[in-house]
Structures are given as C-alpha cells and as structure tokens.
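Only one chain is given next, in structure tokens, and it is the form predicted alone.
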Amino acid sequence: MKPISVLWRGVFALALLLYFANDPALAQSPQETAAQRQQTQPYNNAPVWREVRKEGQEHFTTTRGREAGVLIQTYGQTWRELRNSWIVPIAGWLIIAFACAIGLFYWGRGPIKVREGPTGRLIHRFTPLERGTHWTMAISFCLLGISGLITMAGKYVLLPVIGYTLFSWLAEIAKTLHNFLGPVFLASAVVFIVLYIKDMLPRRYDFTWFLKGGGMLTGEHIPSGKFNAGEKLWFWGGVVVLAFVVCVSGLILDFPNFDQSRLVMIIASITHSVAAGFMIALSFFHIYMGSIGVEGAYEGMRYGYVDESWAKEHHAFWYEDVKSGRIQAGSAEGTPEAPRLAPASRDST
C-alpha cells in the first residue's frame, strides 16, 4: 500500500475521532441524554411512550392479572374516540328525537279515550305479582336510564351548567346507583318474562293490528288479545332482546374482577351503550301509551282492574274469552273457569 494512501486514511480516521469526541449528544450515554432532555425539554418523553405503546408488548409490573404489564393499548384510544365522537352524540340525539316525536304526536292526536262510558263493572286484569314485577322492572329501568345518561353524557350537558363540584357528586351517586340497580333490573326482567310470555305469543290477528297501525292515526279500535301487537313487539324486542344484551354487557362491566381482557371490556362498553340508547328511546312509546296516551291503561296496571268498556274496545278478543269463561281474568289463557268481576260499586280509579 502506498504511503500517501495510508496517510490519508489516518487523517480521515483522526477527523472522525475528533468529531465524535466533540459532539456532546454522541459522546453522552443514553442515560445522560435522557437526563439532558429532561432539562431542555422536561415534558418530552416521546421515546418512553413509543416504547410503552408497542402493541401487545408487556413490561414489568408488580400487579398480577391479565394484561397487567400493558400500560397503553392502541385500540383503547380508538374506543375512546368512538365513544365520545359517535356513540354519545348519536344516542343522545336519538333519545331527543323520539321524545320530540311523541310530544308532537300527543299534541296533534291527544289521548285515546274510551267511546262508551264506564259501566262500573271491572275485570281483574293483572295479579299483584304481575303488577309488582312490572313496577319493579319499570322503576329500576327508569333509574338506570337516568343514571346511565348522567354517566355517559353528563359532562357535555350538565357539567357546563352546574359546575365541577356538584357534577362530581352527582356522577359518583349515578355510578354507584347504576351498578347496584343493574342486578335488580335483571332479576325482575327474568320474572317478568316468565309471567307474561304465554300472553305475548304472536297470534294471527296481530298482523291485522300491524297493518292498520293499531288505529293510532284513524282512531279505529283494532281487536286484540290480552296484549296488542305493539305491546308484544316491545316485549320481544325491548324486554327480551335489548334487555338481555344490556344486562349481559352490564354484568361484564360491573364485575371486572373476573379477569376479562381490556378488549372484552371495550366491546361490552360499546354494546351496552348502543343497546341501552335504543332501549331508552323505544321505551318512550311504551311509557306514553301506558300513561297519558291511552285512557285507563295506567289504572289497569296500578290497581289491576279495568272497566268492561275499556276491555271491550282495546282488547276485544281477551274480553270475549273472559266473558265466555274460556279464560279466567287475571290468569294465563286456557284456564276453563268463569271470569272474576269486581263489584259494580267499585270505583274504576
């Protein structure tokens, strides 16, 4: 090798050595570099968080449990964005839209009244067990809906109005109430389904009720059994399907100590919010029809008795079965006993 070539190579190596020796960033160890970054950029921990966010990579932790070593999961951030940007506003506006639609319908249509005057002869429609189960489920559902909406959308609606201190107390009460009322609603829903399922089976005349819209717009009284097709639709779609989805997903969220993964909790949270939003919105129709929408419906569920005129106009097939003795009023269909009528002097309210 020529001396000139050796000399140039030596000079180049010396220059590189001097460059690295004089560059503080390269000369320092990784620990020294991190310490210097804390001085010049105290809030820049990008390298640390890039390491933490590596998908599926677990680090050391003293906590024991599934995924305990994973501090941040990317799909957790996706869930947060999906919940805050899509689920909460869509569910909120859906509930508002249904409430406004019912309000407009009541303003234009008014309550459905009984054409014939009360006869004073009352038919026993619901047993104390049926009414008690219904009201337990109804009251727990309403409290769950209110507390759930506070937890889900309260920071967007209530927080700007009542402030942080009051809202923190309200949110804590709502969360605790929601967690403890969930099992009560589940238990009452199971008993409710067992008690009512025989009367909720579809019949051929239910299709006629659907085709005529229950006479809601025309004012025509469409004959039906003990429950009309609209009530049966709410039973199967709202109580059986949606309530089942809400209860199962709610139990998963209520008891995270059963070692569910974060992905399972995220799916349960999304499912719970969507199903509950639909159930709350659809329940407005049932609440409306059972209170101010149909004259006499609330009294029937409160006291257990309905006037013969009411039964004849709203549930003609059931009324005929009761009067003929094919079923016993207040019990399941198929019992060959005479109907039980309240005394004529008993007030219908």
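In this text, residue numbers run from 1 along the sequence as written. Everything numeric here is computed off the predicted structure, so don't read it as measured data.
Below, we refer to the form predicted together with a small molecule, which is not included among the displayed structures.
K.L.:
How about residue 70: is it within 4.5 Å of the small molecule in the predicted bound form, going by heavy atoms?
P.N.:
Output for residue 70 is no: heavy atoms all beyond 4.5 Å of the small molecule.
K.L.:
Are any of the heavy atoms in residue 287 no more than 4.5 Å from a heavy atom of the small molecule in the predicted bound form?
P.N.:
Yes - in the predicted bound form, heavy atoms of residue 287 and the small molecule come within 4.5 Å of each other.
K.L.:
Any of the heavy atoms of residue 142 lying within 4.5 Å of the small molecule in the predicted bound form?
P.N.:
Residue 142: yes, in contact with the small molecule in the predicted bound form.
K.L.:
Please determine whether residue 206 contacts the small molecule in the predicted bound form, using a 4.5 Å cut-off between heavy atoms.
P.N.:
No, no contact at 4.5 Å.
K.L.:
Counting non-hydrogen atoms within 4.5 angstroms of the small molecule in the predicted bound form, say which of 79, 234, 167, 278 makes the cut.
P.N.:
Looking at 79, 234, 167, 278 one by one, just 234 meets the 4.5 Å heavy-atom criterion.
K.L.:
So which stretch, 244-252, 263-271, 148-156, 118-126, is the one near the small molecule in the predicted bound form (non-hydrogen atoms, 4.5 Å)?
P.N.:
Selected range: 118-126.
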